[in-house]
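Included below are structure tokens for two forms of one protein chain, each presented in isolation as structure 1 and structure 2.
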Structure 1
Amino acid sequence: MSVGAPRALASSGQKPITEILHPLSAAEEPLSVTVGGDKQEVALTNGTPVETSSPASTSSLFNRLQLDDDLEADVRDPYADSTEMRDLFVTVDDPKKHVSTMETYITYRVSTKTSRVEFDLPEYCVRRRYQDFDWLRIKLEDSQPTHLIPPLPEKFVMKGVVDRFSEEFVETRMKALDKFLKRVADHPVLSFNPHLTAFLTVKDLNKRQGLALLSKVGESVKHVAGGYKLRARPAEFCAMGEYLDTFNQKLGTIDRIAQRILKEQSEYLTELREYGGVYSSWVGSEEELRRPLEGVAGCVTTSCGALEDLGDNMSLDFLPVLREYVLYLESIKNVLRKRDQSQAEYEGRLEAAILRKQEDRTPMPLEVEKCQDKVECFNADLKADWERWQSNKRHDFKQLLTGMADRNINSYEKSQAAWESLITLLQDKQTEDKTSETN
């Protein structure tokens, strides 16, 4: 069987798993695997992957072909111009507080517009709370373990420290939930997940959730079992892992710097306010200097306001996105680990099977093939998602940093305008005085 490797992927030089096989298995039909870009005879001349055996990969082939198109669109701009390609649009907005006897919580409106046949209607509108998003994410992780699932904003907030119902907190959380859902909806595989469909359409999710919780336990147990040790992580996944670690570090540093800047700016703001106050109090003992002093005090106040806005914006828009990516990295590392596990399992079983074969010449057991298939799927999915993720990350950070620059520019512009108008005012007065003097 072969595993589709989308044309757009640049990767490899990757050793196919075949080469790790014990030489004695050479008698077997070579498991021609094109994990990575190695196109062997099984591929068509234009590179379109050809399915040979294993029904397991049939359904995923369709998705992989689709992945081709989507990937090219994504490299340009995953969100904006692929509207011709996209047929599922979701939005999270309109937060509302719900008060019941047991608890108080916030719900958000989740609106869906779609032309997909998997949906009965073209439009949907439901209300969901954070718990529901959490449910969805868990279901996605469990049912699509080979894919990178976008992160949710932090679940737990210390009740004393953060006000769960403050406008800012709700706004920040809502934006993150919106982003989460959009990322899922844009994903070529995840967006077809039935759990997502349920999430977007079902009126009362609670009933489903009950059942879900039970199965969740079972599935997580599945992953713990294994106990196989991975011999060698393929080079490109090593690179992935290293990148994740370094990137995580850098994000942490950037977060610390941003927080430090906020702190310094806040202290600067305190001193600046007092400073403006001194000008105001000086006005009382002066006559001619009244206007310039008042003017300066006013400009200082304007600058303070601009600075305050800058700080608030950075807290609300910048820091949460950074933190979101840290969570994202965590979840990707988990997927990487799972990938390692499934590879380890395959290799372990394969070794065992080979040893048995040597003794009684039985054909390669089906389960080993299934394992191999699983690994290949996993690797392909992961790599495809990785490229997607890289491209999205590039876009997100471009937006994030450009936003930061814009906000700083904006703050300076407000301040500059105030000071310039003061200069004009005072200089006009000066020429006024001069002409009245000469008259």
Structure 2
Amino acid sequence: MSVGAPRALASSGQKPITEILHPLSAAEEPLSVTVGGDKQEVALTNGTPVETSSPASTSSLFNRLQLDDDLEADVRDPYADSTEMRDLFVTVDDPKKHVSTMETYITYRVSTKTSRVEFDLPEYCVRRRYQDFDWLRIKLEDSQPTHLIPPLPEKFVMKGVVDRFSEEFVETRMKALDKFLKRVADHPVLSFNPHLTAFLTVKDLNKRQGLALLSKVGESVKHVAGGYKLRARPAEFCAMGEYLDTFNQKLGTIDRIAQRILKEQSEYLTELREYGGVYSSWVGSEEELRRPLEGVAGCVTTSCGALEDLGDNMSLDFLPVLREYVLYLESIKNVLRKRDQSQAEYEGRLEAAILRKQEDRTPMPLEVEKCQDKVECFNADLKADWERWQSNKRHDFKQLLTGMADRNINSYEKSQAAWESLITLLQDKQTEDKTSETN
């Protein structure tokens, strides 16, 4: 093919990974599919023809990538399947603590239900620990270098949690691992990776041996930069990078403020409990004021409980989502860097080949076409994963913010109801006192 001619981008279609000819593998065959005996160029997974023209400006792209203010106008992910069409369901639950002479660790039950022919059984149930999930992610990143791999929760103890075996920490990690595995299982390419199949089905996961099927697929990406330097990143990918930087700053600011709010709430809660205790102890010396004093103490206790629930929800539900997306941003930036390295290699090899062709009129080397395939595959896969990530992000943050609003409303309603009941009690006490004075 002509190096300068535009080509369709590599497909990310839903098919077994063993049947996918990845452009980063050592295979010599060109990327094409055969339909009715005729070869056709590969398009995106949704069938949309590839557009090779660049957008008018980076700023216009950047505006299009902004978090939509109108969440109801969200465009659905073209790769998101309905529940009826999904054929792989995974769940992470039932954490258990294991204590041995050498170490103490937590395992989680991983349950799988599927109708895929790649699986021998319709249901599986295995137990995995954190390092098994970490092994899976590394294998996915190595074998699918052009795709965005969902992040895992941090390996070490999270901020504010001292004991990694505490119920709070284990519950938060379990939810994060469940979300990670569900994202992988819902991906049209990653879900067919043989390493995922092994993770879901093999009782004793031999991580040292691993699977060799795709072990070398990502090797060409790790060192492609060489002595090349990227001339200019395409505008659409520049817009992605700018968006990631801006979004990261917003998340960092929200996280810092939320941590400060939690600390101040904790200090306020300590003072509020002491404040309520004063009214409880006061009852012993003021029998005539017993009911009002007990009422105030009860209102303060209710307010303490509502405030404590609000803080727990922020720690267990709100902040983990922020941290997940901070890690997600790093994953996307990593894929962007790999894409840039692949483009830099292609530009360098193309320039060298053009110089040689001008000197001795030699044909364009096959390696240049392979490099072009790599770049096009990166572009196609990254664009598809980017749209999927944007759709998931809008859905996640819509749920997160709606849940935060509901919890705040419920918290204040509990406190309001308690204090309103105190007013009724005081009014009844006043009526009783007037009646006794009249008699």
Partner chain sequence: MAEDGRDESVAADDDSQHTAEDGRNGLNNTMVEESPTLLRRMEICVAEAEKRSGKNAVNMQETFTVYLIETRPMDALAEGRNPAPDSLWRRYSEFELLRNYLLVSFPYIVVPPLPEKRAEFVWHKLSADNMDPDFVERRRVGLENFLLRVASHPVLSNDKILHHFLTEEHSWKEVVYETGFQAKADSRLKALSATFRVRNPDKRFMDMKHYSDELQSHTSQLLRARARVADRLYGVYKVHGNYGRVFSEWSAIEREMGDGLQSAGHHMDAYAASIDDILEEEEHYADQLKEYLFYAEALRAVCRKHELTQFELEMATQDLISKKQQHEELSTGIVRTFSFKGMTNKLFGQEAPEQREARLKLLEELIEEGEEAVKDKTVECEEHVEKAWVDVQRFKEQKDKDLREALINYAVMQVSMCKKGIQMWSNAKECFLKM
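The first residue in the sequence of structure 1 is number 1, and each one after it adds one. By rigid core we mean the largest C-alpha set that fits within 1.5 Å across both forms. Not measured: the values here are computed from a predicted model.
- Structure 2, not structure 1, represents the form predicted alone.
- The rotation of the smaller rigid part against the larger one between the two structures comes to 16 degrees.
- For residue 425, the Cα deviation between the two structures after core superposition amounts to 3.7 Å.
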